[in-house]
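First, one chain by itself in structure tokens, the form predicted on its own.
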Amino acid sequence: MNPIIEVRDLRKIFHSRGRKIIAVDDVSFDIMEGEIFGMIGPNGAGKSTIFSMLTTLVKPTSGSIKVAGFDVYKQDGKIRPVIGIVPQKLSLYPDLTAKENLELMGMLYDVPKNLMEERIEYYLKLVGLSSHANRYTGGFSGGMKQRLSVICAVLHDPQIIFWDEPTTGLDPQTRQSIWKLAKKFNSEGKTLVFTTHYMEEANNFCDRVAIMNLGKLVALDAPQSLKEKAGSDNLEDVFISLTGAEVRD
């Protein structure tokens, strides 16, 4: 496999009230084309900042990032069409219907009208929302909003899908449905990049896991390899030993 994301010597420094905060400190890694890549770490570890830099929302202080061959500094406009983002805080319009939310997303990404209608019908059926297409999303449950947010992110057929803690706060059944969607998209060749607080998700679904702590990358490998190196059968134990942090239930 070839790398679809290349990160080298990445740093991000914020300044707040006269203080210098190093959020990401000299981090390098590759994400391979077609893999499911997970990022885990305690609050303040730097994973969300890296996520924001990979998706062109925040500029690095130094270092380099290439996404699908494009430079994040000079070619961010070429990166955005090839990525989809499922944010932690859902950004649906409550006064629009499910279909109208999708149509708006399709227009923003210049999806041709004939393709847009075909994809909207297909994806609404895929996530079990066909009968709710003309309902206002303000009345949707959390799980319904999350499923709609996922298909908003893939309507333009991106190569890479970024998911920021996509199952936080969802019931177990809805979490399973989200991961079923993720596996389907991955089977179609899409690269998936996740942040998560759930160790079982990182262990069961990710090809490789990056563990962040205090702005640094402290480990990166397949879940089984991480456990073997630590002499443990539990990824949670590996996480705690490397970060000293408690795991969210």
Partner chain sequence: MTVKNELRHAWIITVKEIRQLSRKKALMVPLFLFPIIMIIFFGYGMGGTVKNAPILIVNDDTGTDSASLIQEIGAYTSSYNGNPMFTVTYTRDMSQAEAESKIDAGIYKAVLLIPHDYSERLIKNDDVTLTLLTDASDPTTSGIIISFMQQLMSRPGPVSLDIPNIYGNLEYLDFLTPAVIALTIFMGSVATTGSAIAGEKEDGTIVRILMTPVSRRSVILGKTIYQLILQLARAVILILAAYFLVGFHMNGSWLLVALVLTIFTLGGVGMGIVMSTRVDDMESFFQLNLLFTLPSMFITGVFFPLSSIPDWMRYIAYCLPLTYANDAMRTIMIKGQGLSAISTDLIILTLFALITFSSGVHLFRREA
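Numbering follows the first chain given and starts at 1. Small disclaimer: the values here were computed from a predicted structure and weren't measured.
The protein also exists as the form predicted together with the partner chain; that form is not presented, and the subsequent description refers to it.
When the partner chain is considered in the predicted bound form, only one residue from Leu126, Ala133, Leu90, Leu115 comes within 4.5 Å through any heavy atom, namely Leu90. Note on the partner interface in the predicted bound form: the residue among Met105, Met144, Ile161, Ile120 having a heavy atom within 4.5 angstroms of the partner chain is Met105. The partner chain is not drawn, but in the predicted bound form it has no heavy atom within 4.5 Å of Leu170. Using a 4.5 Å cutoff between non-hydrogen atoms, Tyr109 counts as a contact of the partner chain in the predicted bound form. The partner chain in the predicted bound form comes within 4.5 Å of a heavy atom belonging to Arg80. Within 4.5 Å of some heavy atom of the partner chain in the predicted bound form lies at least one heavy atom of Pro94. Residues are counted as partner-facing when one of their heavy atoms sits within 4.5 Å of the partner chain in the predicted bound form; in 50 to 65 only Leu57 qualifies.
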